[in-house]
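There is one chain below, alone, in structure tokens, taken in the form predicted on its own.
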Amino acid sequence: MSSLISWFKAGRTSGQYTLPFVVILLSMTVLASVANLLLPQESIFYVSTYSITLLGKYLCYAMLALAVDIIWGYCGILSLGHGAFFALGGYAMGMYLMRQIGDRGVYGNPILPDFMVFLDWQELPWFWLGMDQFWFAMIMAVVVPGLLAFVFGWLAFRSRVTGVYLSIMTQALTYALLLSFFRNEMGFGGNNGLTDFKEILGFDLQSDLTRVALFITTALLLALVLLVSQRILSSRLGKVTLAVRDSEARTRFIGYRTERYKVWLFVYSAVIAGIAGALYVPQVGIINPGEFSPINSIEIVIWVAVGGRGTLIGAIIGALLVNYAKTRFTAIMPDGWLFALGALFVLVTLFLPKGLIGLYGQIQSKRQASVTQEASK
């Protein structure tokens, strides 16, 4: 246990705010959960179950933003396809939840989901076998995105595809999956996707306690992923990754197989995105091909840019702030959100190239410089 603690502490040199941020995150999670479960609804401090679900969704998006920041901010690979890994993890969880419905569906079939009965399927497809087991579904939520990322990354990075060409390829991959999952014959619910979930691990998904448990689980996993990622990126592997980002040709010249580092980090970020997708589905209650939409992957990049890429914490903050603004803005002007999002990205690119975390760092540097100047007088 002591060696594990020292392993985490060793990564604090370049991320001194990580542990305080984790403490704040978990403290707010506990306070919100207690306010939902123990306080009466008449209390001004009561947090509704709807708000708990919304916060849980935001934390899933924060984990997804962190995944993109790992590969973009630290390795210089602008991926416009991480929405695909997120959706694949979500579909793995959705398949498990569909199998838990059993004979409580509209058609009462204990084996086949309702959409398969409607489409006159006679038996469960082979890729649905085992998805009634939670452990197996969670393995698939990690393995499938990771395997796809490995195959794509190995082929792309081995061929030394970089820059805008790689970004277009990742977006094309996402769009291809979008078109595939829209087809009814694929066996994933077609346009409607997977929904009408009843329970998870035997617990009612509509109960307040289950919603709070999912919220707490998401916060804990986000904190764990943040700590592990900070430690990895502070290690020797992280330093080589930064060298690849800043000058891949020089890094390759001094003897490093840069494509291996890029593939490893790409797979790692895809696995995090898959976990985020698996946590997202039971809280939102649906997964459909719309999650593969390229615009979703572009939005993730904007979250990271707003918070500050290459900081991890900035990506999380950016995801939370932008999605909260989206919730508020779409309630007022539903058709104007995309214009507001585009304007936000332009403004951040022009005036805050390092995001909100970069702005905070500049303010701190100026304050420190002024204090030093006054002390020297």
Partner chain sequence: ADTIKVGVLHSLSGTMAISETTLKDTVLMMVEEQNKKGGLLGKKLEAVVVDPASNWPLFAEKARELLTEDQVDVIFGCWTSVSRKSVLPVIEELNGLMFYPVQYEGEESSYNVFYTGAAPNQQAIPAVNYLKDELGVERWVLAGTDYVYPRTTNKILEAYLKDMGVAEDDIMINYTPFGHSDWQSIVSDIKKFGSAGKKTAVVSTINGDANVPFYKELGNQGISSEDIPVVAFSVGEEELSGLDTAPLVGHLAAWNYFQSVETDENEEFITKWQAYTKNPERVTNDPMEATFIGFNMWANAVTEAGTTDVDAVEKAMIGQETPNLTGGIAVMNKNHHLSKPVLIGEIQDDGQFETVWETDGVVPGDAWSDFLPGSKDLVADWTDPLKCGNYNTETKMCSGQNY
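Quantities reported herein were computed from a predicted structural model and do not represent experimental measurements. Residue numbers count along the first chain shown, from 1.
From this point on, the text means the form predicted in complex with the partner chain, which you will not see here.
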At 4.5 Å between heavy atoms, only one of the stretches 271-279, 98-106, 216-224, 137-145 reaches the partner chain in the model of the complex; which one is it? 98-106
Does any part of Ile200 reach within 4.5 Å of the partner chain in the model of the complex? Heavy atoms only, please. no
Using 4.5 Å between non-hydrogen atoms, is Pro113 touching the partner chain in the model of the complex? no
Using a 4.5 angstroms cut-off on non-hydrogen atoms, would Phe118 count as touching the partner chain in the model of the complex? yes
Examine Asp335 and determine whether its closest non-hydrogen atom to the partner chain in the model of the complex is within 4.5 angstroms. yes
Is it true that Leu54, Val284 and Ala331, all three, sit within 4.5 Å of the partner chain in the model of the complex, judged by heavy atoms? yes
For a quick check, can you give me the residues of 175-201 that have a heavy atom within 4.5 Å of the partner chain in the model of the complex? Leu179, Phe182, Arg183, Asn184, Glu185, Gly189, Asn191, Asn192, Thr195, Asp196, Lys198
